[in-house]
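The form predicted alone is given below as one chain in structure tokens.
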């Protein structure tokens, strides 16, 4: 029997780990446990970057993105630009299980959710509306976005179950004040999340545009497949983000990565702006850790 492990992004990831880790110890599958943990964060109105209570886009709409992936079969599903549905990660799972597709977006995703029995719901809270009004930028088109839990960010949950299978979930309400229709890395398989029992699992958080540029999570899993440890793979991904920013003549944005190997080892790394903390459940305890920060190399 494999010793279970679960890991999740940011301090609010502790909510996910506190939900998922006991389930793993009871024999729940990795994907089921990771999904339960992600839903716990989606439901928490104190987390203004995921699910219910998320700060809206530039026109005041809360638009949700999520994906799920099963490392045993590589089955996956995702939704993007989903409005008025409280649990996008659950809908992503239904996309995986009930359709031949991987990604549904916008009105199509909402129609599918309604047909699958999900009720319509307002995602606003008084606090989220006040925060949107207070912090809304003056420019119509946003400048370079900031990542981090003080702005808007993702919960990614990676889990290893007692049978040695991996599962992962990534869910977010996206960058605050994003343009309507903007999609980041979180619902994109291979970018915000990638899970393969034969190599490992990886997830991302931060400014999705930078993660998409390097296919971050897939890159990390393939580095593990090639023999790198989860920590080495995460650091290589951050170095690639930094190098890409240098090539574009910009300062690296806030980006962070997590990784989990099939034997339970984990890794985490971030760009300098991220100051990335994450939650870990293993060996009978839950703890908060800080990732290694890596700055760009001098030219």
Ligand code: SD4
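Numbering follows the first chain given and starts at 1. Remember, it's a predicted structure, so these values are computed and weren't measured experimentally.
Keep in mind the form predicted together with the named molecule is missing from the figure; the text below concerns it.
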Run the contact test on 154, 174 and 184 with a 4.5 Å heavy atom cut-off to the named molecule in the predicted complex and return yes or no. yes
Which one, 95-103, 184-192, 113-121, 81-89, holds residues whose non-hydrogen atoms are within 4.5 Å of the named molecule in the predicted complex? 184-192
Going by a heavy atom distance of 4.5 Å, is residue 10 a contact of the named molecule in the predicted complex? yes
Would residue 206 sit within 4.5 Å of the named molecule in the predicted complex, counting heavy atoms only? yes
